[in-house]
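Only one chain comes next, encoded as structure tokens, the form predicted on its own.
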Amino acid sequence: MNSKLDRRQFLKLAGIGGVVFASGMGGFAEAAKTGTVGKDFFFVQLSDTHWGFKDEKVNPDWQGTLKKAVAAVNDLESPPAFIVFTGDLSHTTDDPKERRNRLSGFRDIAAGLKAGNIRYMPGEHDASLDNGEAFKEFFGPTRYTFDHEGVHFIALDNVSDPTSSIGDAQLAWLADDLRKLDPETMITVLTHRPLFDLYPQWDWATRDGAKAIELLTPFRNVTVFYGHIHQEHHRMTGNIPHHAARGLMYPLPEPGSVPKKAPIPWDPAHPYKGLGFREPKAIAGKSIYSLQEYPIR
């Protein structure tokens, strides 16, 4: 069962009301005792860069915002252990050649990031028109796992299938991967679309996301990070916290707040308002993240 939790409620529950707050609330106290993080580390989540988008009324700096984000990440006090892009690297186009041009342009800019490793994931703008073929040419598999300091990361592809589904084959792959893990393992899932029904009317859902959540629920220390909705958002499904990140091209309205989903126009009085990136930090001996949100300026 979903447990709705907007940002204000989340901050109230966290009790600190700032930009830093805790993730992994399910079984919070017990999880802290059984954490498997071997060493402090943090990573950076960047999302929804939409390289190739052009609309002066929405973002007159559409060619510069991603570069500003790259510079901001490079200016962090210490470099992240790795960086993840949670999808929509490029803006959609029906032209396969232009799609590759946009992915190539994005890749060239992202190459300026100072990090030991960069993990890429597709969004529906990158992958839904060709089942992820162009994305794979530039960035490799659309689903994968990796481990870092005792944390098991799982990147799920819920965009290459144009029906907004994970698909039975990938669910079987997920089940097989999870079967090898101890129930106490700290698991971090990366997706583009939300796995739960946030607002299906705006395509803010994954058709078979509940099946993935069902597979993950037996594990006590699971956190999901996703993009797609271009705004910070937090939701619990059972014992699993889900955190959406802001985008890097344009913000979108709160779910269901307007009749039709559309980018929020640029505010000259507050340039880059609603755009930003996230720094999740893991602490040795614990199984929770603290989240730091950074605006674009």
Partner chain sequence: MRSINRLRAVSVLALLILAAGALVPVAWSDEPETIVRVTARKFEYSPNEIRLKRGVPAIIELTSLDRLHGFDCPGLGLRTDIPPGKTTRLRVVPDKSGTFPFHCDVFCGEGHEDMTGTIIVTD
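Numbering follows the first chain given and starts at 1. As the structure is a prediction and not an experimental result, all values here were calculated from the model.
One more form of this protein, predicted in complex with its partner chain, exists but is not displayed; see below.
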Any idea which of 169 to 177, 155 to 163, 73 to 81, 140 to 148 reaches within 4.5 Å of its partner chain in the predicted bound form, heavy atoms considered? 155 to 163
Partner contact for Thr185 in the predicted bound form: its partner chain, 4.5 angstroms, heavy atom: no
Asn117 near its partner chain in the predicted bound form, any heavy atom under 4.5 Å? no
Examine Gln201 and determine whether its closest non-hydrogen atom to its partner chain in the predicted bound form is within 4.5 angstroms. yes
Does any heavy atom of Arg207 come within 4.5 Å of a heavy atom of its partner chain in the predicted bound form? yes
Within 4.5 Å of its partner chain in the predicted bound form: all of Thr92, Glu124 and Lys261, by heavy atom? yes
Contacts with its partner chain in the predicted bound form - residues in 125 to 147 whose heavy atoms fall within 4.5 Å: His125, Ser128, Leu129
